[in-house]
Each structure stands twice: as C-alpha cells, then as structure tokens.
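Take a look at this one chain, the form predicted alone, written out in structure tokens.
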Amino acid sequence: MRQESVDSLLRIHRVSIGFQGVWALDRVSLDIRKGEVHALVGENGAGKSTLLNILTGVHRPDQGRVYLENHPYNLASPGDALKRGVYTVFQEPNFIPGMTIAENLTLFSPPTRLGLINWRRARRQARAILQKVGLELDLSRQLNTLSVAEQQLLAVARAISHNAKLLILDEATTNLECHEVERLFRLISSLVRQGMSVLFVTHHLDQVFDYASRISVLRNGRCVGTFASADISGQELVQKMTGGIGCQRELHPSGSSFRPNFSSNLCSNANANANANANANQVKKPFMVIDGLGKSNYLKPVSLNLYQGEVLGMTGSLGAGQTELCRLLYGACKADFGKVRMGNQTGRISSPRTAIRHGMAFCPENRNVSGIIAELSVRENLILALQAKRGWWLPITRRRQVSLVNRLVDELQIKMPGPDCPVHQLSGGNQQKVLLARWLITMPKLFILDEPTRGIDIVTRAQIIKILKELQVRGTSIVMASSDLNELVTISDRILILKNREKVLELPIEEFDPKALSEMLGQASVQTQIAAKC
C-alpha cells in the first residue's frame, strides 16, 4: 500500500463532473492527511464549491473516486456525509435562529425517553459540548442573539459532538474580525492535535499562510498542484491561481478596459478627470445632502454630503451601522427621522422604487438573500433593474436583452455555461458580477455598495475595484461599505467611520490612519491581506 493511502484521511482521485456540457471539475486529484489544516484556494469559478458539493453529498461525480480512510466514499445525500464524519461550517452558520442554543446543538440527535425528547438530558448534553470548546453561554438563549463569531464556534462545537473526522470550513472566517478568527483557529488547532483534519476554503491568503500546512490550488476546474505553505510565496500562489498570464494586469486596477456606458472614449484621460473631480469637491455644491437620517433602535442620526464623482468609504467593526446606513439611503428600510435633499427636492427615500427613480443603485451585503434571484437565469437577473426603471408596461425585447447580456458578460468577464442558465449555478464571484452588471445597465448617479468584494477572489476583487474607479471617472458617486481597509484606501476620497451604529468620524483619505482606526475600534492591528504575501 502506498504511503499516501496510509497517511490520507480523504483521497480524491481523478474526479470529474460537468453541467450543461461544461466540465466544472476535470480529473481533480488531491489528498487530505490526518491531523492537518489543508487549504483549498482558487479564483471564483475554479471549482471549489463544486468539489465541496461532492464531498458533502449534494452532487455525485461523473467520473473518478473519493476514498475516506481508504474506503469508497459514496454518498446518497448530505445526511450520509454527517454519518461518515464529514461536517461543514459555512460562511452563514446553518442554525435555526428562533431555537435556543440547547435545541440547536442537540437537533440532529436529541436524547429521548418513551418517544419524547428528554430536555434535561438535552441541556446536559449541550453544556458538555460547550465545555469542549471553552464557551460559557446561557443554553436558553436564542441563536439570533449571538454574534457571528459565537455562532461559528457553536458550529464547530456541533461538529465535535458528531465525532467529525473532517471539518470543512467554507469561507467560515469571512464575517469575522481578526481576533475572532484567531479565537476560532485556537480551537481548531486543539482539534487538529487530537487527530481531526480540516479543509479550509477561503479567499483570505494571509489566513491560508497563517493556519494551513498545505495548500491545493484549483484553476478552471483542474487541480494545478498541492504545495507546502512554507515552500510557496504569496505571489507564486497568485500565479498558480490565475495561470500567471495577465496576473500583474489583474492585480493592479488602475488599468482601463471596462466601459460602463459602452462608449469608446469613456476612460480617456481617466486620471486627470478623477483628480479634477476630487479637487472640485472643495468648491462645488453637493448633489446630495443627508441631514440627520436615522431610525430608532437601528441607526443614530447621520449627516453628510455627497459630491458627484466622489467615493465615500464607510467602515467600522461588524454591526457598527454600515449596512443600516446603506439600507436607509436606498429606502430598503424606512427612516424615522431626518431628510435627504437631491437637487431641488427634499424628503426621504421612502422605497427602493423611489431610489431607482432618483438614479440610485444598491448592491446589498448578502447577495443570496437580497440581491440575485437564484432560480432566474443570468439574463433575467441582468435586466431586472432596467425593466423596473422603464416600467413593466414597456417590456425590453428579447433581442435587446440578449444584446445587453452578451455585452456585459464580455465586459465583466462573467464565466457561465450560457445566459439562460440559472444564476445559482455560477460561482460567488460571478454572481456578484451579475449583480453589478444589473445596475450598470441603468447608468446610476449614486451607487451604494455594501461589502461588494466579501468572499471574492483577489483577481475578481481587482476587476470590481477597476469598474468602480471607472464609474467614478464617468461622474457616478459611490458609497461603499467595506471591512477591508486596504480596499477602501485604494478607492476612497473620504472615509466615514461608524461605531455602535453612530457616525464617529469623517475625514479625507489623506488623513486616514488605519492603525489609529484599529485602536479606536478596539481591534487587532489591520494587516495587509495581499501585499504582505505577494
């Protein structure tokens, strides 16, 4: 027997699967050893989600084999994966919000007596699970009262209770602060020392190097190699992910290829126009004035001005109020007080329909819940906003729809089987591009974006930043909430800082100090996510 088989917990051998004539995975082979943290990286659309769907029983491969502890790993359903000891912690923990901690932790195997749930034993069992991960929580608390970090730790605790052999972390650190990530991996390190294996799927390359011993890279559905993290640099890893060709261009978003208004001369003299916009803000009137906008028990009053062609970055700790301000500006949540003045009109944005009529666009934080419509096709998702702006009594012809979709797919490099495939079949990064494209068709005056690059690979992230820069050149104003300070510094003219759902500071980018901000918010020092490794 080969040494690989002896040391491997999970072995994937030449696995292939296709959808609508396109290979999502093509002869992928890799192994996960016992007692290691193994990272899986790649661009959006590289095949990571498809591979995880095979490992969790959602899909069955068309070709190839998977072995768990040298035994065939054939799954009929996701429930089979749990029975075999493979447990997944997702970006959004899959708990039932209205149930208590004790109920959620014992949901899959509640202790019973005479056919009824024995709640005394269930609470005792849940308490024992919490002790294993060092959490002290009131078992009667509902899940929706916990922080995201606490929920992630509970998800790991539930995996322990099911005697998981392989723990899959699918972008599980995306919504966590630096110190929360460290806390999660302290727990995971103790589990790894006890023999558990971890497959860590993430776009955060700094976390890959900090916590994984080996790294497997997927590109265009193929595994291009597995590397010891100590033997590969950040730049080399990026080149493996992208194929090297065009990597330098993609990672520097100052280049110009995307034209939001499809005009051949949009981006001529781009830098000069951007500088002119920034300088003009000092003398011209704001196109939008926000005066004391807020909502009781939601967001304290916020006042600020927005100028044409300006990017206002918003940041703060998780739950500081960025999402709330975005939703109030767009009318997705009705304000209790304050007013907004645009031109000669003063009032409040009472609904998204009103916002669209005023030339506003909004990409929400959770694209799956509030952005894309999963069961509709890419084409149908793309034309939604334009159709809403025109009115449903003026339908866009099928020919016009196809023309718009083909142009946007080409300009934004959206990877998909075809325009009529369901949008949920696309990778997360390509879904985000579809959401951006939907609004770019409408030529917005104000683009509000809430964490537009969260969970997106670095190349797609650079493409999105480039799109936003070129929108700015065209004169579109942008309000962008992001937890990535490096990203905000790259694109913003001003920074708005929120804490405890209140505006605490507003300053030009020249005066912005990331280290001081970290100290103000009580966070660990902000680390450069890409440049530090490349």
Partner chain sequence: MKTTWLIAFWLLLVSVSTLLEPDFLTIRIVNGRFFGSLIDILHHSAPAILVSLSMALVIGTGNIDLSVGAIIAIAGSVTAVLAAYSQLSPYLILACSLGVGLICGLWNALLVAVLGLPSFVATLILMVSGRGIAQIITDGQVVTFDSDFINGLGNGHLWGIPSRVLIMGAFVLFMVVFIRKTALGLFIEAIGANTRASYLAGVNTLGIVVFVYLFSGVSAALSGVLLAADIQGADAANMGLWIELDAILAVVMAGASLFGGRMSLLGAVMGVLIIQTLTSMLLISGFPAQYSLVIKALVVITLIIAQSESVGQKLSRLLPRQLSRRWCPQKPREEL
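Positions refer to the first chain, counted from 1. Just so we're clear, the structure is a prediction, and the values are computed from it rather than from any experiment.
Heads up, the form predicted together with its partner chain isn't pictured, but that's what we're talking about next.
Here the chain stands alone, but in the predicted complex its contact with its partner chain, taken as any heavy atom within 4.5 Å, falls in 434 to 442 among 160 to 168, 434 to 442, 180 to 188, 131 to 139. Contact annotation: Ser229 falls outside 4.5 Å of its partner chain in the predicted complex, judged by heavy atom distances. Contact check for Gln152: every heavy atom lies farther than 4.5 Å from its partner chain in the predicted complex. By the criterion of a heavy atom within 4.5 Å, Arg353 is counted among the residues contacting its partner chain in the predicted complex. Residue contact check for Thr88: none of its heavy atoms lie within 4.5 Å of its partner chain in the predicted complex. No residue of the trio Phe447, Gly475 and Ile491 has any heavy atom within 4.5 Å of its partner chain in the predicted complex. Checking Ala385, Leu304, Leu82, Leu146 against its partner chain in the predicted complex, a heavy atom within 4.5 Å turns up for just one residue: Ala385. For the options Ser370, Ser77, Asn94, Ser109, the residue carrying a heavy atom within 4.5 angstroms of its partner chain in the predicted complex is Ser370.
Residues of 476 to 508 that come within 4.5 Å of its partner chain in the predicted complex, judged by any heavy atom, do not exist; none qualify. Look at Leu143 and Cys333: in the predicted complex their Cα atoms move 3 Å or more farther apart than in this form. Cα-Cα spacing of Cys363 to Asn220 is reduced in the predicted complex versus the present form (difference of at least 3 Å).
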